[in-house]
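Below sits a lone chain in structure tokens, taken as the form predicted on its own.
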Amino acid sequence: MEPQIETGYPPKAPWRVGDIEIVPCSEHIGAEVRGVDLNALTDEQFAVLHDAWLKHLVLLFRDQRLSESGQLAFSRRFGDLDLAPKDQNGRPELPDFPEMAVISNVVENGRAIGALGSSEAVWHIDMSYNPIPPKGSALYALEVPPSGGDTGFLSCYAAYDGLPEALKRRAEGVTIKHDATLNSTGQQRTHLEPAHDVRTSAGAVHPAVHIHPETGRRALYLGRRTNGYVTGLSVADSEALLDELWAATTRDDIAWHHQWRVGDLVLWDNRCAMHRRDAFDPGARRVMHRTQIKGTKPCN
């Protein structure tokens, strides 16, 4: 299917198709979807949701009651799923559901039941350090802390559109190596050597500006800031260009921050949206289930 070229920003007013209402959460990114039970989704309803996903980049579904199987079934409507990362002992976190990751700070019987703890997670695109990053992710809230742990999303379309023309010209044709050595909370991945030299450290190379395969729109594709490298430049010149691009991207006016409630499911398009997480009290419990939709092609 050829991309359907879209221009401008997402719809700013609520819109409705049948019983489904889509209410924008901010000017550039995010919409709450009302009037749908993800356990009983028809093909016609899914077509509406898919269209809304491409328009708004991130969809919020409140008050859902999803089992692990229900979340997997919903996520598979968007494509095949990646296997979840193994725990520190090399085992699936949920052996009966190997495609489901647990995002949690909870420790039970001396063992962490999930990943990423309670610290802040910086702006990033999921697994952009791989040659073919995931298409999208769905995160479902089972337990949430009384405060903190909010998730921010920003539009990579709006980031590109808002670049000064001179910086936009510099970004076109540039490729960036996305660091694989650190996770989104800044922890060293134990199976990789630390990034002593960003020019030679582990990671995949992607264009700084890529074209979304379904919408045809241009988006900045930066991955994460730490240990990024613009290929072919000196380290000093790479750092300077990345600093400019990140400063132009991580702006509050193109972001939306979600405050979680139990029963929320948030689905985001990893090809055109970045996200981050606020820290929260490590003594409070936060338990989420995440599914990840497999990518089908490298970024172009």
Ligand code: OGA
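Note that the structure is a prediction, hence the values are computed from the model and not measured. Quick note: we count residues from 1 along the sequence shown, nothing fancier.
Keep in mind that the form predicted in complex with this ligand is missing from the display, and what follows is about it.
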Quick check on this chain: which one of 103, 100, 219, 144 has a heavy atom within 4.5 Å of this ligand in the predicted bound form? 103
Since the chain is shown here on its own, which stretch among 119-127, 79-87, 168-176, 206-214 would lie within 4.5 Å of this ligand in the predicted bound form, judged by heavy atoms? 119-127
Residue contact check: residue 230 to this ligand in the predicted bound form, 4.5 Å heavy atom: no
Is residue 159 close enough to this ligand in the predicted bound form to count, meaning some heavy atom within 4.5 Å? no
Examine residue 75 and determine whether its closest non-hydrogen atom to this ligand in the predicted bound form is within 4.5 angstroms. no
Tell me, yes or no, whether residue 256 is in contact with this ligand in the predicted bound form, where a contact means a heavy atom of each within 4.5 Å. no
Quick one: which residues from 275-296 get a non-hydrogen atom within 4.5 Å of this ligand in the predicted bound form? 275, 277, 286, 290
